[in-house]
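Only one chain is given next, in structure tokens, and it is the form predicted alone.
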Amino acid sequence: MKALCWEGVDKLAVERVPDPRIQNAHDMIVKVRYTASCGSDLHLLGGYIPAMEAGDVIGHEFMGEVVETGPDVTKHQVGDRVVVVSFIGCGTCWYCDNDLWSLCDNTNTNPGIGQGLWGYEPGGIFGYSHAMGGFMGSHAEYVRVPFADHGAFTVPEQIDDLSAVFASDGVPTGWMGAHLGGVQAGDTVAVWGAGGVGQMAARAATLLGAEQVIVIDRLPERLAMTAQHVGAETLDYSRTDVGAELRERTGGRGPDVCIEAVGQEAHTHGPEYLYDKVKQQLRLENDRPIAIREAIMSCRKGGSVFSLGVFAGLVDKFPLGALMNKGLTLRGAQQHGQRYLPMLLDRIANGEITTSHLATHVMSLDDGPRGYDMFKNKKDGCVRAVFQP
């Protein structure tokens, strides 16, 4: 089959790879209809995520049609239209039992790498390096889905394919940031990043009762999209002092909840950006924590900060003093999609959450390298490149 493969830093190629096959009784094979690029894929492309190997099939956000099931799959049958959560959960370990699905104890087949990096290994994820299990990704014609009864969800008839694909990762990731970030009715919430995940976090905050939601970015097309489809206020960080503007809009107190939806390649202007970029390029720090620093400094005293963007390792000049002295709560996670998908699919079906606008560029899998170039370099207003294998 055809697949989009990582071949080195900033090198992608469409190649022929072996078809996936059923390996365990609870597996199923899905023929991919749509698979979306994600900002976290850019970290792979840039070489910032460890344990990538030439020939790895990337992609973790997808939906499609079931074409084969293992003998122990009971919830799905051939022909079902499904969306699959990007993180793989076994459904039986302590973490899955406690709805912490991305921390599954049994799905990361290379636990030693995660243990060395982070103390304990997270769960497995499709197409996201051998540190996360080395699973073949979704930028391919077919995908093997382990523990299919837990990770795949039937798409309601009211939801079209293009809207459903973002329920795989972007929608539940955004929802989790608002939910576990502790958004309460009447809160003011600030979200750094107006990409797909940031927009979904902002929408989730509104649905959870936030009175004011402010999304921060520098790209005018993304800010306009956020205002139109999410209904949030926007703030262009290239034109103002973010901390001062947030204090101005919140009567001097600051946001109650700050959600960082940017991750390890954050951008800003001035010497701080240059400092972090040089240190990252020299591998003196893994990640550029510009947005998370700003979120911590901007949050009101006693507020909550959620780290939703992907980070891989160590950062420099982390404002631990502000975190402690302001009495902040800091939390982060990869997405626990199995926890939220049934509720979120209902919300997409009834129109509370809209997603198809994120697919600014739909193209064939053969155009994968071009799509990633557009996505990475923000060409032609690209918010997400979505591929049809």
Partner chain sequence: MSKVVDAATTVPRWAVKALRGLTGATDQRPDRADGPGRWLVVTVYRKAEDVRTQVDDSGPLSRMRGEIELTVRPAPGDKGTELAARPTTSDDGQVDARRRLRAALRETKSILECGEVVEPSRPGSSHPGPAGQLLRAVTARAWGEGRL
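Numbering follows the first chain given and starts at 1. Note that the structure is predicted; figures quoted are calculated from it, not measured.
Another form, the form predicted in complex with its partner chain, is not on view; read the next lines as being about it.
Exercise. Go through 184, 158, 110, 240 and name the one with a heavy atom inside 4.5 Å of its partner chain in the predicted complex.
Key: Selected option: 110.
Which residue, 133, 289, 172, 255, has a heavy atom that falls within 4.5 Å of its partner chain in the predicted complex?
It is 133 that has a heavy atom within 4.5 Å of the partner.
- Message: Quick check on residue 23: any heavy atom within 4.5 Å of its partner chain in the predicted complex?
- Response: Output for residue 23 is yes: heavy atoms within 4.5 Å of its partner chain.
Taking heavy atoms and a 4.5 Å cut-off, does residue 313 contact its partner chain in the predicted complex? Yes, residue 313 is a contact residue.
Might residue 51 be said to contact its partner chain in the predicted complex, defining contact as any heavy atom within 4.5 Å?
Yes, residue 51 lies within 4.5 Å of its partner chain in the predicted complex.
* Partner proximity in the predicted complex: residue 223 to its partner chain, non-hydrogen atom cutoff 4.5 Å -> No, no contact at 4.5 Å.
Inset, instruction - Choose from 240-248, 160-168, 85-93, 187-195 the stretch whose residues reach within 4.5 Å of its partner chain in the predicted complex, heavy atoms counted. - result: That would be 85-93.
Discussion item. Residues 34, 352 and 387 are flagged as a possible site; in the predicted complex, is every one of them within 4.5 Å of its partner chain by some non-hydrogen atom?
Written reply: Not a single listed residue reaches its partner chain in the predicted complex, so no.
Original post:
Using a 4.5 Å cut-off on heavy atoms, which residues of 1-35 contact its partner chain in the predicted complex?
Top reply: Heavy-atom contacts to its partner chain in the predicted complex: 6, 7, 9, 15, 17, 18, 21, 23, 24, 25, 26.
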